[in-house]
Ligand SMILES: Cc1cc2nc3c(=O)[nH]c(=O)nc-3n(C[C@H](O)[C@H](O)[C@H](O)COP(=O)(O)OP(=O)(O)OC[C@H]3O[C@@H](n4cnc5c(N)ncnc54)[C@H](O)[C@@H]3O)c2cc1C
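Take a look at this one chain, the form predicted alone, written out in structure tokens.
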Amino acid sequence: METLDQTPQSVDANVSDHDTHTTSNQQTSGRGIRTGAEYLAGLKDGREVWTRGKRVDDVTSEPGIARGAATLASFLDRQHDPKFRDTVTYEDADGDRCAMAYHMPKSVEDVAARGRSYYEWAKWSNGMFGRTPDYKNASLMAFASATDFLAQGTKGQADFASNMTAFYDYARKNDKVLTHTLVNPSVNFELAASGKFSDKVALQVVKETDAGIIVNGARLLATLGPLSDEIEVFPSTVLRGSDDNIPFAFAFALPIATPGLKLICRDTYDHGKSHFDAPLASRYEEMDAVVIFENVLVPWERVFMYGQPELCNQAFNTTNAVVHMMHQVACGKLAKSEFMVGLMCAIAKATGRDKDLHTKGMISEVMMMTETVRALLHSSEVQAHEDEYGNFIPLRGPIDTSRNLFPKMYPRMVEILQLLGSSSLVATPAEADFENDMADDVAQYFQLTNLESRDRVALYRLAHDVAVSGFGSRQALYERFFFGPPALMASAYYDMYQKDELVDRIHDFLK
């Protein structure tokens, strides 16, 4: 095949085959859900992950990363537990147990069942492990259902719709943990704001071959990237439908261990402290990474969209993937909100301030936020309806409202926790101080009206991890920008809102 005319100057488009990184696309049949041990074994695949200035030999043993992998492994094990199995998995036509998020919903009850599964997953970390596998599983299910949409972009011998359904079955049958990346880095704000990408840094197609497309450049930000099996590289929703954006218009998936694919991690928030000293950071470090592709060959079988910016820009909305993703997110935010209420009430009770009007007023604000998320989620699920692909989807309006409100709600929840905790959030001895020469002093001076010293310190160290620590600050940032810049999200919400009938009512009244 011919090289694209839009090849950027920063990359040699005539890269030879022996300089091109390739990957195997063997898609073997699995048996459904994996164990945690199987997941951890799969991460030992030679992937190129960099952190703290060095390449990681094994992410399952690397300090600052390994405990997050162990946590996720424990979650995968819970899929096999009879207590949770029927909630978080389903039995497919072949008799295999697969993750519930892959189940194509054909009724209102199916939508509710998916919601129960999302909520159960979220409760395992109280919403503090944001990128659990069900998030990407939900979107993959939606794309695999929208074969008519994907078929529009079929190019040459590549059948994009069949590619997607094959990858869906591969991921579902093998219980693969997925991450994704949507955003191109930019060197010029004005250029990026106009919907164009820099050929110096953005991920782009630099050549076509009989085997597939060769891509080069960077993407950000892959949450859980170092701990995932595969990465979905999907188009930005702000991709403009113009010819100069053709090299940037694609959707594909590759194993993280693909040669030429590199991940550069941010600083870890797991500093090796005990679960007592850092109850959240020691368990739920899901790690974010910038992804670099160095002349990587993407086999045609792994390409789902290509060369049509106008289609790529519609991908998440037209397939309804974004609605299913919102559903998972709303369930997670409910679990997180409930956790914040529980933490604040525990502090109020321990300090004897649970009768104080001012304290109850602050906590009630968080309770109202929680009930708002719950009500919007319930409204969306009970009004689920059939879409053009034969699936049932939650009603978009309520959960779209939730996803626009929560980036404002969560920082306010953190602020209220800081106000409740005050200096006690930093007056927190370490676990070791209960076993050293200071133990008697700590036991004497850190007790509360309704709580012994050790339990009081444990409670406030948990609150510290939410409201003060680096882990907690990352959580707040994560929530602020989870789906994108708030102004952009609000603008899109305005555009999609059903306004016409309401405006007509105004005009009718004035007549």
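Keep in mind that what you see is a predicted model, and the values were worked out from it rather than measured. Each residue number is its position in the shown sequence, starting from 1.
Here the subject shifts to the form predicted together with the named molecule, a form of this protein not shown in this document.
Of the residues given (Ser424, Asn295, Thr223, Thr71), Thr223 alone sits with a heavy atom within 4.5 Å of the named molecule in the predicted complex. Between the named molecule and the residues Arg474, Arg67, Arg34, Arg456, the one pair within 4.5 Å by heavy atoms in the predicted complex involves Arg474. Residues with any non-hydrogen atom within 4.5 angstroms of the named molecule in the predicted complex fall in just one of 209-217, 175-183, 84-92, 360-368: 175-183. In the predicted complex, the named molecule lies farther than 4.5 Å from every heavy atom of Val503. With a 4.5 Å cutoff on heavy atoms, Gly46 does not count as touching the named molecule in the predicted complex; it lies far away. In the predicted complex, the named molecule lies within 4.5 Å of some heavy atom of Phe482. The named molecule in the predicted complex comes within 4.5 Å of a heavy atom belonging to Pro486.
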